[in-house]
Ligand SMILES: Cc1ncc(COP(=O)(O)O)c(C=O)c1O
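The chain that follows stands alone, in the form predicted on its own, written as structure tokens.
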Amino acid sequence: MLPEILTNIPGPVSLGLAKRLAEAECRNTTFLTDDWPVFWERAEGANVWDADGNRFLDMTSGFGVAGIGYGFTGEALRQQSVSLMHAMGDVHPARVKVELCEVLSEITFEKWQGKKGKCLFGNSGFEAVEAALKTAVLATGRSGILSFEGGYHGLGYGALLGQGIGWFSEPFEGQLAKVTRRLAFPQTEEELEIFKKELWKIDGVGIGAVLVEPIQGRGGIIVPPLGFLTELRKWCDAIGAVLVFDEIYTGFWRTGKMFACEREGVFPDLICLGKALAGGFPISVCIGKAEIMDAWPETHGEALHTSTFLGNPMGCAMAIEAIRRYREPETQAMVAAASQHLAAALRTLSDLPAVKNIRGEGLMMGVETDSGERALSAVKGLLQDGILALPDGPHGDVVALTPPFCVSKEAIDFAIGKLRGRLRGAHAPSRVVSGAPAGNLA
């Protein structure tokens, strides 16, 4: 459904909640201004309703979580919560943890290479990355990491080691080990050739893990040329490093493939998944080749890497249902149709002076503008229009669009039409249905 705006944006209830939150939460967490944010109350499909009753079109999928749409794993959650909400995941696990491990192996390493994969669960995406980095140390005996400028892998201390966006790690550099080498993430064929030369100059003796997003997300929706992953695979094989694909954002059809690495037909030793894995429950996983994962010693009662909520039954049940839906042919067709329409709609923006580039794959698209101020202004303007979008990239100059797969053609056209107006500087009013005045940009 299209947006339905009843109040100023943010409305009075959202503004009141923001005031309360400012008194109760770490001030570095939630961005609070007079025109941001709105507080969510419920969500369904591609729509979110705020606490003031306004209906928004979500072009973010809630950070890429709601792939098929909001609520599609809700019934699995309800059924599982009736029988079992929590189990002792590394001591007395739930049956659904076993079932999820098996299905994750099926859709990754069994499909790619005909061999079993093994799982190590977490709660958030960065935990999957940290599990992968630990695995690489155990498998290779080397602590060094090769990662990429613009890469984003979460904000835990281990994940920060692979961070390629400086402002996230700079305040904590004094507590971070100096084990990381970073290279530029290639965007063009020319940059790919430069990257190849730089890669093969590196003395890989101390490097145990190569950590990379097949397509960068927070880095500004950057799609590398074909051949990039192939070169990394060759280099890792040559020096004995573990190749880790962070597909937390790109996994589960986000880029038009079940996994973005399938675009090039290059497969990792370890893959990190989260976000859309369960369609709304905090669960993540590092899946690896059995021979790599077996570098972990067999447990004798104390696990080296675990947590209280590891393999939570509700998350596992939701993930099993989500994967069932992801494997249906209808899902692939839905992604293809929405992707094609979004790409066509975005091409209509190419004549705007403020637009420098339009890029991405599938339903992971970015509109690079001429400044961070322009992108932020556009995103705030879209909020007034009832559309949820995010600025992206190290300089905040990219408007990122990652809608749920179920987004309609009408909704895409509406959103891109409004984005055109905001990037052109035409401040079209929000659609008001009850006579209430629309909000204004600051």
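Residues carry their position along the shown sequence, with the first being 1. Here the structure is a predicted model, which means the values were calculated and not measured.
Just so you know, the form predicted in complex with the ligand exists too; it's not on screen, but the next bit is about it.
- Only one segment in the set 165 to 173, 146 to 154, 304 to 312, 74 to 82 has any non-hydrogen atom within 4.5 angstroms of the ligand in the predicted complex, and it is 146 to 154.
- The contact residue chosen from 360, 125, 268, 279 relative to the ligand in the predicted complex is 125, the criterion being a non-hydrogen atom within 4.5 angstroms.
- 248 is the sole member of 286, 248, 209, 100 with a non-hydrogen atom within 4.5 Å of the ligand in the predicted complex.
- Looking at the ligand in the predicted complex, residues 213, 218 and 275 each place a heavy atom within 4.5 Å of it.
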